[in-house]
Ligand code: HEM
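Taking the form predicted alone, here's one chain by itself in structure tokens.
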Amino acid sequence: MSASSVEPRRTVEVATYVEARAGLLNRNLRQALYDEGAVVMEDVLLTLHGPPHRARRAMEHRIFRRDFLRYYEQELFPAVLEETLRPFLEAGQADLVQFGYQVTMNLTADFAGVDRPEKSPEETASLLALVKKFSEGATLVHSTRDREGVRAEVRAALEVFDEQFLQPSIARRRKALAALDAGTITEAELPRDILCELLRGESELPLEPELLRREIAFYLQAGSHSTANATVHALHDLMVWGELYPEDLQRAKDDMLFLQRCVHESLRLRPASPVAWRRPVCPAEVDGAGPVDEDDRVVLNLHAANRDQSIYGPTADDYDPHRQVPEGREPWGLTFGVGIHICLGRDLDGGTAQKGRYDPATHQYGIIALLVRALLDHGAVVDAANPPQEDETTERRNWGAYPVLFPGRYTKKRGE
């Protein structure tokens, strides 16, 4: 029986910001929240620990340089957004959950190295269905469905993904790498994505085919699942706030930096995972929990830590884009983590917090803010006849459906 399948002897929880942050930084604690979802998460970057994690992170981090993230946000993302949003605008309506998944999946696929040569609606729908299944497998610990049934579905989805998308993408990159070695293409012509970096470095850090498959599937689901949900939360929170303070809603439409602050506040209140689970790799001391050993589980309550009044003030439970965050603390709380397991896509999703001088031409706002801005620009409003529905397949507080309308555009009637 593996360590990941053994129930903990006891569970201890820390819930203050300082203690939870210290827990995230404690290198004697390994990731444990995704043990249940090992079918897609076993030994991927997020669940690795120690030297193997550092080695793979160093290789993949080459893709996450600031200049490249800015290129994705300012050059690649606008085209992906326009292409994905157009049919929804033509229909005059959208389910923001579906839209969010589509646009972020397309972006994440480029980032991960998954080609979609046809660019057809059918191809997009096929990949999207697979990615959603990977997300369901990754978050299995919070699933309300039969878990063995979900695992079987995830295994089947991985096989389809491998045949239809991953192997053709690998073949194209191997061909490009061979051309680079032969001197027929330049470094600049090489695909710049996670898959290409892993193939390029396989003599240094080889991955078994099944692990490579899980690694790319992990990037697809992590990038699309959390970003899509965060986008819906951010727009919802802003709309609710805007009903009380319409001047702030207008300011969010006119001022991208303020809109980014609105997104950061939503990210703080609604972390993608409300808790982080850790298992000690050896007897250790954990701030707020005392001594722990390998048989224990440490729960870092990120939801509570992000609402710690000693950090975020007496109204920490409330949404307030005007909140003054203490120097040295993150406006989004611990949502993206800290330390060795900090989310590599933090700046891509949330952008960079304003510090010192601000240049609107070079500042990175994050794709969540850009998505919300596009929806506001097109006048998105909640469909009063179809109220949003929570996702009942998971214990995480996400939206299962969030219908909106784009006034002034033709909206198809049901049955047409």
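What you see is a predicted model, and the numbers here were worked out from it, not measured in a lab. The numbering used is simple: start at 1 and walk along the sequence shown.
Although not depicted, the form predicted together with the named molecule is the subject of the following passage.
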query	finding
Option from 287-295, 224-232, 137-145, 315-323 whose residues, in the predicted complex, bring a heavy atom within 4.5 Å of the named molecule	224-232
Joint contact, Arg57, Tyr219 and Ile340 to the named molecule in the predicted complex, by non-hydrogen atom at 4.5 Å	yes
Proximity to the named molecule in the predicted complex, single hit among Tyr101, Phe161, Phe336, Trp241 (heavy atom within 4.5 Å)	Phe336
Option touching the named molecule, based on a heavy atom within 4.5 Å in the predicted complex, out of Arg261, Arg278, Arg268, Arg214	Arg278
Touches the named molecule in the predicted complex: Gly113 (any heavy atom, 4.5 Å)	no
Non-hydrogen atom contact Gln364 with the named molecule in the predicted complex at 4.5 angstroms	no
Exercise: Leu46 in contact with the named molecule in the predicted complex, heavy atom 4.5 Å	yes
Asp349: touches the named molecule in the predicted complex, heavy atom cutoff 4.5 angstroms	yes
